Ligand code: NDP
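A single chain, nothing else alongside it, follows as structure tokens in the form predicted on its own.
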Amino acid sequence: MRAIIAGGTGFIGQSLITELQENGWDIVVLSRSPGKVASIFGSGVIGMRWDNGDWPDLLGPETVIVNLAGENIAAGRWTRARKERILNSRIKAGERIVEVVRRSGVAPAALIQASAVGYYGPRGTELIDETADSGDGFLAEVTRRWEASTLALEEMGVRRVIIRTGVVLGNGGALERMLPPFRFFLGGPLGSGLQGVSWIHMADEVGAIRFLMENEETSGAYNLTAPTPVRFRKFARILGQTLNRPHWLKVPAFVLRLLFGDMADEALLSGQLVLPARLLRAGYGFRFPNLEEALADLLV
């Protein structure tokens, strides 16, 4: 089987490519800079340009497209211009994939469409699964439109899977940004610490994506989160214990709002407790279902 991956040089994309290569997949990465693809992955991964590459010729029943493309939402303060870039980077990538498939007249076996648990908006104490409606706020709007950007492929008969990913714990990403305060004995919850953290170990993130790529009976939305979401207060406690560091020093909400603006309220001070109900029913077995095991694997 062959995977054509948009966003393959990102945090999740790089780990996904390793997972797929270890399981016999051929990989093509869509990029504005194929040279960057070669420098990251070497000769075992083919980089092709979005606009003038030969990747449309590779479509067919042996090919799955994985659309992870989109600007990092946590890379800086959400100015109006940055919000537009976050949204447009996602919508344009999806629309371009649809356009190429339609023009080629050849459908892939499936499309894996990235999304995020921000789709559900802030949810407080409520445990939610894929049956929950979309919520309010910028992130909910972005994820709705991100998911909708490739909806037309379903009308062409393509199996489409939407992956609503939580906080991915791996070597980099959100965990890397959390570690310095804890290592300098300054770690603790953000704001009240009551916000939900729907997390997933990188091994399960990419394992679940491969599972959905290979399982022809799956379609629709799947939450990619561990089955044991926690409140941030508990997350901070387990992280501190794993590092043998204190975990009681709170970061006040007003400080986060001064530093990050709107991003603080939507991405740091609120959250969701999301369950992977459909993924479990489909038969996926988590390698790291508990936070203690996940953090120990990554940090100890």
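A quick note: this is a predicted structure, and the numbers were derived from the prediction, not measured. Residue numbers run from 1 along the displayed sequence.
Below, we turn to the form predicted in complex with this ligand, even though it does not appear here.
Problem - One residue of V64, L239, L68, M263 in contact with this ligand, assessed in the model of the complex (non-hydrogen atom, 4.5 angstroms) - result: Checking each option against this ligand in the model of the complex, the one that comes within 4.5 Å is L68.
Exercise for the section: Go through G207, G166, G94, G196 and name the one with a heavy atom inside 4.5 Å of this ligand in the model of the complex. Expected result: For this set of options, the contacting one is G166.
Handout entry: is_contact(N72, this ligand) in the model of the complex, heavy atom dist at most 4.5 Å
Key = Although this ligand is absent here, N72 would touch it in the model of the complex, with heavy atoms inside 4.5 Å.
Practice task
Tell me, yes or no, whether L279 is in contact with this ligand in the model of the complex, where a contact means a heavy atom of each within 4.5 Å.
Solution key: Taking the distances in the model of the complex, the answer for L279 is no, it never comes within 4.5 Å of this ligand.
Exercise for the section: Report whether the minimum heavy atom distance between H201 and this ligand in the model of the complex is within 4.5 Å. Expected result: No, H201 sits far enough from this ligand in the model of the complex that none of its heavy atoms falls within 4.5 Å.
Exercise for the section: Could you confirm whether P289 comes within 4.5 Å of this ligand in the model of the complex, counting heavy atoms only? Expected result: No, P289 sits far enough from this ligand in the model of the complex that none of its heavy atoms falls within 4.5 Å.
Exercise for the section: Indicate whether the candidate residues G124, R144 and Y222 are all in contact with this ligand in the model of the complex, with contact defined as any heavy atom within 4.5 Å. Expected result: Zero of three within 4.5 Å in the model of the complex.
Problem - Among 270-278, 255-263, 28-36, 228-236, the region lying within 4.5 Å of this ligand in the model of the complex by heavy atom distance - result: Answer to the contact question: 28-36.
Exercise for the section: For the heavy atom contacts within 4.5 Å of this ligand in the model of the complex, list the residues of 84-98 involved, in sequence order. Expected result: Read in sequence order, the residues that approach this ligand (within 4.5 Å, in the model of the complex) are S89, R90.
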